[in-house]
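The structure tokens that follow cover one protein chain in two forms, given apart as structure 1 and structure 2.
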Structure 1
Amino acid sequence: MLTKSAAKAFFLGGTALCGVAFLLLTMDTLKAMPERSNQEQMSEQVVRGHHIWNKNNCMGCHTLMGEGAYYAPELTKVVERRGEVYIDDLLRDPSRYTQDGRQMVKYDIFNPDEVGEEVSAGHRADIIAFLAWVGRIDTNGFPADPDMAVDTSRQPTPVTAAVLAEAPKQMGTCFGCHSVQGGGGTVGPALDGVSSRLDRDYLIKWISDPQSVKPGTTMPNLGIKGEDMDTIIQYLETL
């Protein structure tokens, strides 16, 4: 059993040792932060996007780097997973994206009908720039790579003007995950020749209700039907 003086020395020595360890770890963290935080890439657009994120309380539903609510998806690597085209279209009109019975709020600042196309596009670009910057922060492996991570052997490339000229406007969202003629997203399979592999009825069922075809699939239900569905199917049949 320790004497009173020995216990006091043990306490003071342990406190001093822990204090020194804390200071050294703090210094190491501060030294590593500029490189790991991507601070040099924090543009004015990224800052504007951060203001939009805070002002609209996006963390009331989403999380960034594990902080926030857990009602909606974690967004630390969302640009890497989904691509800018997909995110831009979702912000513009969330009503087209419903999954598991949940739907994102339609904010006026992203709605062209409320603030005009130019202002809306600017706000959407700002928040996407912020999310892209967050995704480049060195988080030491967090979050873990999802099942739908982008194939790093083939990074997304812009869809060519020729493809865009032929594609109907309803396909704009699809190019965020799928590619045609080598351009577009890499999350989902390429759509070249898809109608030769899958018949018309199967394509309609897959697009209208992905979960009924493949439970747990990452493809969202975009609520496409009627003339929009016919237009998309007719386009896919030309590939």
Structure 2
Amino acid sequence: MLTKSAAKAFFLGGTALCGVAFLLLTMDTLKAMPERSNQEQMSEQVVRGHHIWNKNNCMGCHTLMGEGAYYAPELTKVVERRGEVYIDDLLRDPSRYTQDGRQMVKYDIFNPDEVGEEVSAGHRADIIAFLAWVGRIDTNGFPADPDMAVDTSRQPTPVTAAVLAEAPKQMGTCFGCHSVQGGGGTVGPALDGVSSRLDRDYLIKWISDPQSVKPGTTMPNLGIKGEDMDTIIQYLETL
């Protein structure tokens, strides 16, 4: 049992010790900050992008370094993940992109029809510069890489004989990643009913060069063209 004065000394000493530790840690953080945040790369363009970010309430839907709302994708590493071309195109006209049925807002400031080609391109470049700068901050590994552990509910299964009998041989490689009627790969979305979701021109553009439509997509360019393309599209339209 401590005496009253010992308890008082213990309390004051402990508080002082913790206070000093707190100050030292704060100083250490402040010292490390400029390097970890690449402060010298914070150009005027990055600052302009930051203003756009704040003014347009991007955080109402997105997070940066985990802070913000969880409606739309985390954007800390978005430039690394998607590339500038994709982001520029998405900001210019989000209607071509959706994720789980959610859509990015069509902002006037990024839209050439509203503020002109030059001004909108400038705004898009500013926000991309800001996001690229954020992406270079040393965040101690945040966000973590996606958990690539195998989802057993999404294991590939063989394509059924009935589907194979109908499908042209040009579809062979596609079944490695896509399924039809529940059989096939699980890397890409099931292709049942795909032509009711996507029109013919889009399908041709997508299959002939997926990267040009969506940079960073895992769907490879399989070099399909001419008659092979016609055969594949005709088949997809029967699904």
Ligand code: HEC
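From a predicted model like this one, the values you see are computed outputs, not experimental measurements. Basically, rigid core = biggest C-alpha set you can superpose within 1.5 Å across the two forms. Please note that residue numbering is based on structure 1, beginning with 1 at the start of its sequence.
*Asks:* Determine, for this pair of isolated chain forms, which one is the form predicted together with this ligand.
*Replies:* Of the two forms shown, it is structure 2 that corresponds to the form predicted together with this ligand, while structure 1 does not.
*Asks:* Cα of E35 displaced 2 Å or more between structures 1 and 2, core superposed?
*Replies:* Moves: no, less than 2 Å.
*Asks:* Comparing between structures 1 and 2 on the rigid core: C-alpha of S212 shifted by 2 Å or more?
*Replies:* Superposed on the core, S212 moves its C-alpha 2 Å or more between structures 1 and 2.
*Asks:* Superposing on the rigid core, does the Cα of Q181 end up 2 Å or more away between structures 1 and 2?
*Replies:* Yes, the C-alpha position differs by at least 2 Å between structures 1 and 2.
*Asks:* If the core is used for the superposition, what shift in Å does the C-alpha of A167 show between structures 1 and 2?
*Replies:* So the C-alpha of this residue moves 28.5 Å.
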